[in-house]
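Next up: a single chain in structure tokens, the form predicted alone.
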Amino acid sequence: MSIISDTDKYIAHSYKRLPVAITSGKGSLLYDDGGSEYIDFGSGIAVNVFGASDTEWISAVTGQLGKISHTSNYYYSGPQSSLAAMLCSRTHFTNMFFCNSGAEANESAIKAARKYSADKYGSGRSKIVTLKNSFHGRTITTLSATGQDRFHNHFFPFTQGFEFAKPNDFADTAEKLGDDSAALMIELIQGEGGVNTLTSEYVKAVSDLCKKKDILLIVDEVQTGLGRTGRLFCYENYGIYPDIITTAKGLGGGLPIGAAMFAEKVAGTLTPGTHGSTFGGNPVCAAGALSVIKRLDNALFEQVNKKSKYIIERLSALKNVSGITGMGLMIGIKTVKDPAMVMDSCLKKGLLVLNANDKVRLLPALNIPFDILEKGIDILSEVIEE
């Protein structure tokens, strides 16, 4: 039987899949089981930051496979410690907790924030304020933290202790950050919510308020991190210093790994027995992540911003585009057409794009060659204007 028919028969229908089975790829070009070629503007939802079949990543991963594929966190692991040291040396963070996904990273951040508050202030200071239209994961708790009503169905009872503030509305956020609050958790660009960007003025104001009230600021960088917005992490674009950030997606370059990274005042919060993960910081995943982090440098970020400018200039000129949001190579396009129709038409013409609520979403590999980028934008422009 075919890949598509077997998938539909044997795998739970929790995804609305497009009718294509990807079997191979190189860089920003992917191929299906019939040999058709596609330009990839999604990179596995911001995961394959250096595209498909990246030679350096493959070498790092296979090299580690020849040593040891897994050892539990009862023991020390070289790739894990090297990755943590590299991440801490490139940021202001003191230490971190490794896990397997963005949702788990956000769970870790939530647990750390509540324990920090309980250790310092006792009970009654556990509320986490998040933003309306946010998305933080699909576990029960991270769904509870997600500020979109459409996700708050079916799975009752949801985890208590979350309240939603209006994005870019400082007065509303400040009102909700009361004496019962442990943390404010935000995405600087709301990815799944529609590629909506927070303003610098708002972010600076809530950051200052959190510091004043000793309310932890958690920045969810699961989609915005690892060079996606033209800096190593998006918070650098805002000139703030969060207490916790979470990262995943692009970190492993295609393998499952996530992390919650802690500033100094939170670094001692998680103690033995308070949190754990069997596969967190797995040596193979960590080796892949090391090969990614080593190549995320200023020269690459400069190219990310150059490509971003090109995309925005090209698409802004189209009569059927009413707005463009985002930063770097995380771009949302508001068109007169339904995003699902744009995705379908692009697929038929050999271009893979994503959507996010009411926008077409672009998340190409950070190193996508300019000629392939240009060809993909030609296809997208044609679809939007036809």
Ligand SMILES: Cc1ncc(COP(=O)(O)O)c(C=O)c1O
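Note that this is a predicted model, so its numbers are computed, not measured. One-based numbering along the sequence shown.
From this point on, the text means the form predicted together with the named molecule, which you will not see here.
Proximity of F135 to the named molecule in the model of the complex: non-hydrogen atoms within 4.5 Å are present.
In the model of the complex, the named molecule lies within 4.5 Å of some heavy atom of E192. When contacts are judged by a 4.5 Å heavy atom cut-off, V222 counts as touching the named molecule in the model of the complex. In the model of the complex, at least one heavy atom of E187 sits within 4.5 Å of the named molecule.
Stretch-level contact check against the named molecule in the model of the complex with heavy atoms at 4.5 Å: of 95 to 103, 175 to 183, 293 to 301, 268 to 276, the positive one is 95 to 103.
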